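Below sits a lone chain in structure tokens, taken as the form predicted alone.
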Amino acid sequence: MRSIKMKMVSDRLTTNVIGRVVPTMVNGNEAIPFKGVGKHRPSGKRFSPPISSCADFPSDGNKLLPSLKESLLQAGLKDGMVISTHHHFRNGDIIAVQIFDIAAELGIKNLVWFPSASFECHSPLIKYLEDGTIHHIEGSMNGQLGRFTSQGKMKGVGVLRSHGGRYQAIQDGEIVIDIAVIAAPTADSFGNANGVNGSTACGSLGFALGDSQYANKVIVVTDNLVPFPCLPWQIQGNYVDFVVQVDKIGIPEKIVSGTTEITKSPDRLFLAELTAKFCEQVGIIRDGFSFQAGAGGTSLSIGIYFAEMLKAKGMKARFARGGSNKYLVNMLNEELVEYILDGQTFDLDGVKSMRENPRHVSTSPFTSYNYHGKGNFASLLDVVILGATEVDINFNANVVTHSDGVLLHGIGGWQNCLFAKCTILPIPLFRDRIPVIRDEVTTICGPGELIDVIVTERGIAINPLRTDLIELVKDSGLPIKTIHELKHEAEKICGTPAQVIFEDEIVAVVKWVDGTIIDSIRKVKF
């Protein structure tokens, strides 16, 4: 990552196995084109940070420094470094912007920001992308940051990864974090930290685990310093170089966002209900089954219907994967699910539950999603229900760009979840009179072979590869249609959508779970 070069345009391109033109160099580093699901096998050993010595740290364990600025200076902040942050506060994060305020004040340039996700609260960073303090972002580019990227204004090429892909990239040394800054709602002066206690409790700190393990320097910032030992220690102080106490690290009420709330739309609730009925029909809902509902109001609403079905049948699920919200917590409390394995909490009910209920377990991208490990939790799930901005007639799906080509979302754990035993995308047939089912999606984030079912308000399309599911819904009375029929219905109502006009310049790439490049995102011609 030390080689910071200006944006590559079109001189080193190739076509990957699913027909997408992608670069073979990104920000000065060699890149591997997507080879197919399970086809790329890593080699070599995992990355390791420099070996430390206790002789260089206080024998009383007190690593406190007076300010975030002082800690960044002692961590050696300089031009071209990779700075990581985590997103457990979601839109309530107030530390990331402070880091780059300090960097700009010091005249530091060409930093790489490596967040686990970004939100609108990070839009003030646009001024640092414009003045060269930040060279590019590797993570997600949501909202205004995404629009800025789609306009071709970022100096480098943005790199989008899934949550599991981010852990894989850190572990494999694909990206080397120079300084990790971990905002922790509670910590001790040794650096042990958690997210479940304190006035700004946000739940899990699992997305910062890899950063703590592999970064060259680790700074814990807290607004609730407690005497040693801080328990539980989701982050272990043995990985931490410096601890800083500040007045406030985040706004926990803002972890709730539009994508983490249950939908109130009758149309979307109908989609959720139809999805649950499909799951019941094909036998997914049974005693001991497991499920995950991704971010998005429709997906999260599925839990309401699952709970009703389990109650009626006198059954319980073995585990559910979070993001957790109050509905999932209610299922746990009502003994409808035995365990929540949670990577991030989507509301304060989830935070309280993780703190108080030992069956609500904090997890990390390593345990849940890392594709370069000895298995992960995602493939153990019986069903996942996810969102998408577009789907095409080959069941390929897009979650990062809209049909106007603009980059507006991150990937989250979406790609990683596709390895569940059944993947269902409940989506409206059209949004703002633009059909969601296309001949070809604008950006491929997930290959169609991993997407089993599309549920719309006008019918359910099953991937022809899933002959077992097709057989199970025969004579069920469910509105089963082909994906071509659904596309035709949408276009009959809305017309055929106009093609988006792109320029040649590649502004971002989408990595697959194994670190290969599955697609490119080009500058939109506005």
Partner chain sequence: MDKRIVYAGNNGEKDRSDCRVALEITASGGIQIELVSKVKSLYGDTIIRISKEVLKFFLIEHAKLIIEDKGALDFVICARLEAAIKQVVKTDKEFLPTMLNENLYTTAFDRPRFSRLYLPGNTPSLMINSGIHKSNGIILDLEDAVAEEKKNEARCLVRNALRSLDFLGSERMVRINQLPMGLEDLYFIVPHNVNLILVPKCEHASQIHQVNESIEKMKRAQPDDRIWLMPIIESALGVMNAFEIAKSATNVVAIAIGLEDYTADIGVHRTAEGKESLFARMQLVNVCKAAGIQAIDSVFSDVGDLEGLKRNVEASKALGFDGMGCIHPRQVKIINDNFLPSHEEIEKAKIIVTAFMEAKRNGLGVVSIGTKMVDAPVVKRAQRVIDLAVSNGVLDAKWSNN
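These numbers come from a predicted model, not from an experiment. Numbering follows the first chain given and starts at 1.
The protein also exists as the form predicted together with the partner chain; that form is not presented, and the subsequent description refers to it.
- Note that among 240 to 248, 372 to 380, 67 to 75, 433 to 441, the stretch whose heavy atoms approach the partner chain to within 4.5 Å in the predicted bound form is 433 to 441.
- The partner chain in the predicted bound form comes within 4.5 Å of a heavy atom belonging to residue 404.
- When the partner chain is considered in the predicted bound form, residue 286 lies well away from it, no heavy atom lying within 4.5 Å.
- Taking the partner from the other structure, the partner chain in the predicted bound form has no heavy atom within 4.5 Å of any heavy atom of residue 127.
- Contact annotation for residue 498: at least one heavy atom lies within 4.5 Å of the partner chain in the predicted bound form.
- Proximity to the partner chain in the predicted bound form, taken as a non-hydrogen atom within 4.5 angstroms, holds for one residue of 104, 269, 336, 94, which is 269.
- Residue in contact with the partner chain in the predicted bound form (any heavy atom within 4.5 Å), chosen from 39, 484, 492, 46: 492.
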